[in-house]
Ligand SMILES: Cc1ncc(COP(=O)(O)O)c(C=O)c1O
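Next up is one chain by itself, shown in structure tokens, the form predicted alone.
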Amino acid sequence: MAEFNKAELIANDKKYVWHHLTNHKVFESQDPVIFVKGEGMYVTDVNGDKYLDAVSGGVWTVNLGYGCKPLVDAISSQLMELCYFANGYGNIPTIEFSKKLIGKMPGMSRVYLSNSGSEANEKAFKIVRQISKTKHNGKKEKILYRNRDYHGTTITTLSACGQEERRDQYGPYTPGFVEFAACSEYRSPYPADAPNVGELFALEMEKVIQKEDPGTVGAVIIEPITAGGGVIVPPAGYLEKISEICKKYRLLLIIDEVVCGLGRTGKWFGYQNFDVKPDIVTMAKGVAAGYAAISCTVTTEEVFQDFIVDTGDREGYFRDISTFGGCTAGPAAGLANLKYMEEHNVLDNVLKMGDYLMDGLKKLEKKYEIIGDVRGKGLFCGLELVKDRATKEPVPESVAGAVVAECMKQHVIIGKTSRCFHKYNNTLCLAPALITTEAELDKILQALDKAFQVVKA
């Protein structure tokens, strides 16, 4: 570990750094947490305290843990060979990574690189809008998004954000984005014995399409599993019906895989747990496992061909650029990530450890009344906390925060829905690295068990 002056680091952090998602007023009474080393599933702070990371870098990104040498070596070697050139030109890692990635995505064809999930989704929206202009006389420009889903932090991706507290202070928003209902089976508006609940939820989207006029709607964007909005797994038949409705009205189906992508659910992509064929897939966090900045907007060949025009048409091609889409570290790391996951059977581990984690969480659910629902897929789990199981009244966000704090005291870092909604910031989130072991999951489960002994609804 590199040498550092602890007091100087803390003072300079407070003086110069503007942290993400942080009210800096707290630093008047406490020091910021500063991590200085990561190894495997653990991170070490400036005080020398070691923490088990149960959220893969805080935002579901470091999927192969810390210090994965094959990825580091791949990046280092590539940067010495060619660090960057604008992506209007080709380079070896981008070509090889794109081919490898498409091999994991039957039905998909082309990879467009940028550097964050927000940007990947912006590209998808621009593709929809340009196709609206070139094929539909500008009429099919509206994009539907789902309540509780999140697609990014820019003004336009926030225009497609189903989390009202994230949006409260940043309007006015880009016009043409329309919300439809969430698909929380736990908070279903339908009778408990209603058949085909997934299809009923999907039909709520069709009602919105009809209300807006199908001739004005060009696309739908959806997370295969709602992530930051509460780890909501769709009911059986839901995504299949969504796909069917999209085909019926000639809508492009955009699947946002920024969180689920590259193995989180035990499949290469979350949508592959369901019988759907998207037109556009976006991804970011797990693509390079946090070792380099990279995101992808992946399309079918049909979508791509809409941008193949006579070279004399100055407006027909995709008029877009991403500066750091030309940085070769991203695709080099992405390629190394895919190879590592294949060679070490990481998806098998996700399925096995996911079952182990879910079994442990279900045992905690039986033990503590504050846990209203446990849900998830693979190594992506949520615990929704309630005051009363009968009424399902959510606990205040402060209660969920107290559980997170108690786990932190035990040197285990977990997540939660944070300042997303006016009411439902009550879900704890677990997303350990895909290389996790039973021993590490036991530590997470033990920390939660002790936390629930202390924190009450």
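Numbering starts at 1 and follows the sequence shown. Computed from a predicted structure; not experimentally measured.
Separately, the form predicted in complex with this ligand exists; it is not shown, and the next lines address it.
Under a 4.5 angstroms non-hydrogen atom cutoff, this ligand in the predicted bound form has residue 121 among its neighbouring residues. For the chain shown alone, residue 325 is not a contact residue for this ligand in the predicted bound form, no non-hydrogen atom being within 4.5 angstroms.
Though the partner is left out of this view, residue 258 does reach within 4.5 Å of this ligand in the predicted bound form, counting heavy atoms only. The closest non-hydrogen atom of residue 285 lies within 4.5 Å of this ligand in the predicted bound form. With the partner omitted here, the residue from 291, 150, 125, 97 that has a non-hydrogen atom within 4.5 angstroms of this ligand in the predicted bound form is 150. Of the candidates 349, 87, 132, 116, 116 is the one whose heavy atoms come within 4.5 Å of this ligand in the predicted bound form; the others do not. Remark: of stretches 258 to 266, 199 to 207, 371 to 379, 337 to 345, the one touching this ligand in the predicted bound form is 258 to 266 (heavy atom within 4.5 Å). If you take 366 to 381 and check each residue for a heavy atom within 4.5 Å of this ligand in the predicted bound form, you get nothing at all.
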